[in-house]
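Shown next as structure tokens: one chain only, the form predicted on its own.
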């Protein structure tokens, strides 16, 4: 009986939390529609603090930050949303527009990058699982059904190809963990030639610029790449956006 009561309390807590989150989301949307962008930002951030971390919250929060003229935060959240929905035209267009408004240069992806980012990391994983299951079914069919076994084995090339392509997609997205992306969140960010205060200045970075990490040290310095150039920044100038 005690176990049933505890389970009921847990379920009730989950339901109440879900209702509260929905109410907060609706209030945030209403605030945004009324032009109360600071309030919308506060409410969307409350959702994130409460563990409601999803594509819609990040995208709406990015729009609110953009309307509130906080371009660095807008770029950060647009990019975060892009990880979950890389094909979404609104996310891509708004991300591009926010970078342009900040005067930041957007890196141009290669043809390979364009191909592998047609799907998100979770979608590539689903493709790999689907290919693996299909391959298992085809191999089992070839073992159990002797007739037309050769053609069945030929069909195995399809799921094998799917698994290989999804592996390439997974590898690309994994690079965002190995070579993390950061957004410049402070003005007067100047990349230096070395990870030492007083090192020679290399180039300046505009607020809201998206940069890729290439190296790091244990003293709070990150070597970043921007517009084909590399330089060292202290982490207080940037905010990590990669998952």
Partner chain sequence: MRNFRTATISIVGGLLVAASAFAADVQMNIKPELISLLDRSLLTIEFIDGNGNAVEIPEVDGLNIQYQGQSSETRIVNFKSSSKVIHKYLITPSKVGDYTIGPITAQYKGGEKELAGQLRVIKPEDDAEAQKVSEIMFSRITSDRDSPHVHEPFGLELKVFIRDGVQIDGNFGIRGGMPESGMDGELQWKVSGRERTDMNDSIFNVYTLRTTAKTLTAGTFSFQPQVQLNVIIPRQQRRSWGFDDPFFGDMFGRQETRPFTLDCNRLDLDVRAVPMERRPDTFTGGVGIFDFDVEVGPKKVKAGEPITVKIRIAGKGNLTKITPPLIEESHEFKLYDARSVPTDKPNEVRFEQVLIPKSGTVTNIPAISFSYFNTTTTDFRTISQGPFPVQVEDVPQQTAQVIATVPSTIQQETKILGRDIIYLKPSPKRWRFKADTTWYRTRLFNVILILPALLLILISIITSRKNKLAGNVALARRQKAPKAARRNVQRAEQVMRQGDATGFYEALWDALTEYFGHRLNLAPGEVTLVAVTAKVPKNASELENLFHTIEQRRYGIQSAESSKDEMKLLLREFTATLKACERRKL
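Residue numbers count along the first chain shown, from 1. What you are looking at is a predicted structure, and each value in this text was computed from that prediction instead of being measured.
A second form of this protein, the form predicted in complex with its partner chain, is not displayed here; the remarks below concern that form.
With a 4.5 Å cutoff on heavy atoms, residue 205 counts as touching its partner chain in the model of the complex. Contact check for residue 225: every heavy atom lies farther than 4.5 Å from its partner chain in the model of the complex. Its partner chain in the model of the complex comes within 4.5 Å of a heavy atom belonging to residue 67. Using a 4.5 Å cutoff between non-hydrogen atoms, residue 178 does not count as a contact of its partner chain in the model of the complex. The contact with its partner chain in the model of the complex, taken as any heavy atom within 4.5 Å, belongs to 129 out of 164, 115, 156, 129. Residues of 119-148 lying near its partner chain in the model of the complex, listed in sequence order, are 121, 122, 125, 126, 129, 132, 133, 136, 139, 140, 143, 144, 146, the criterion being any heavy atom within 4.5 Å.
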